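What follows is a single chain, given as structure tokens, in the form predicted alone.
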Amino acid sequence: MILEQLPAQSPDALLALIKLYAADPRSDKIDLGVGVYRTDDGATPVFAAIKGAERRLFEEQDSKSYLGPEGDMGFVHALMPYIFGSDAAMGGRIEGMQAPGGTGAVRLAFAVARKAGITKVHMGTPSWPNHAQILADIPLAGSMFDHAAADGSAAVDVLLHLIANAGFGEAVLLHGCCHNPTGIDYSHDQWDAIAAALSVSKALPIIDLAYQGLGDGMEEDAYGLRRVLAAVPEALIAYSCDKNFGLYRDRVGALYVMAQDSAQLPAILSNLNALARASWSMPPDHGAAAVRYVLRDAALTDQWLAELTSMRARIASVRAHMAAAANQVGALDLAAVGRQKGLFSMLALNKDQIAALREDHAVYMAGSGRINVAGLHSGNIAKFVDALAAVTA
């Protein structure tokens, strides 16, 4: 039988962790594994702005007919000023299309890069695990470099050397902000240096912007992307609304392309449409339509930005609490958590320590040491710090 030839694949470690957490009867268990935002009560709520948009969508939407492989272009264009700034289209050189989540956008970026002649993608590690999995499935060769230096800062010199030596047919994957999984972002000065290096490089920049607004603010988190785009002739930008609009299960993303000249865009977009048609045919529209409603209504936009500000402030508060507890946990560098951005940080714990956290203290985190800081709140931070002290003593 032909299907019997398929070898069993290793189970996804995060999905296995979710099952272990669900089966744990302890009432004080802590989930730091799943990468979703949580309130101080541990909830992952629907944004009030999205609820308002969905009510209007329910009343006003008059069809569920197909939109085409490019999806909801009103959504795509409404996002552009927030991503690219006042000259959102860069003189007509930028256009985009909807994708099923940031994952779909990343896959589409890698697929069109391969079709254009890219043979290798340089990727800083550690990175979001799905980056490497998608590269392998396309397939595209992945070349790994260290993203983080030994002191917990970004290893920007490694990246700059790589960019300077990259050849034609190579791409560099960059996290736009709130690096997953380390939380270690490039500073403005470092982004300036990266942009300058790319301006004379043969490498194609591919920027994954999945957490805009969760670091320092919508404008601030776009700094690196905008600096790079101002310096290079072409780029691919994968964008996700799953985090900053709380639309995880609706899978809302977009892929944007910046061409050297606006005349090149139709040919590029025709390739993107063909790849999308072969992959998912048409993207799901509901979440994208809700975002479009939010961004076209001033009151809903203000409500969304206020909710996003609240999320960002809570994440920063958790990080500050962690940093303040640094002297309670010995050699583990909790102070670095306070300097990092976004949902994630990496703790230098070994497998035995991570297992002890789970078995003895009901603390669940990825085997890599990655934690979702939004899984911590006023009621469990002290317990978590005590658990870290116990396993690292």
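Predicted model only: the values in this text are computed from it and were never measured. Numbering starts at 1 and follows the sequence shown.
There is another form of the same protein, the form predicted in complex with a small molecule; it is not shown, and what comes next is about it.
Residue F344 is the only one of Y364, F344, Y37, F47 with a heavy atom lying within 4.5 Å of the small molecule in the predicted bound form. A residue is said to contact a partner when one of its heavy atoms sits within 4.5 Å of a partner heavy atom; Y211 meets this definition for the small molecule in the predicted bound form.
Heavy atoms of F245 never reach within 4.5 Å of the small molecule in the predicted bound form, leaving it off the interface. Residue contact with the small molecule in the predicted bound form: A22 places no heavy atom within 4.5 Å of it. Though the partner is left out of this view, L14 does reach within 4.5 Å of the small molecule in the predicted bound form, counting heavy atoms only. Partner contact region in the predicted bound form: 27-35, out of 350-358, 55-63, 27-35, 330-338, criterion any non-hydrogen atom within 4.5 Å of the small molecule.
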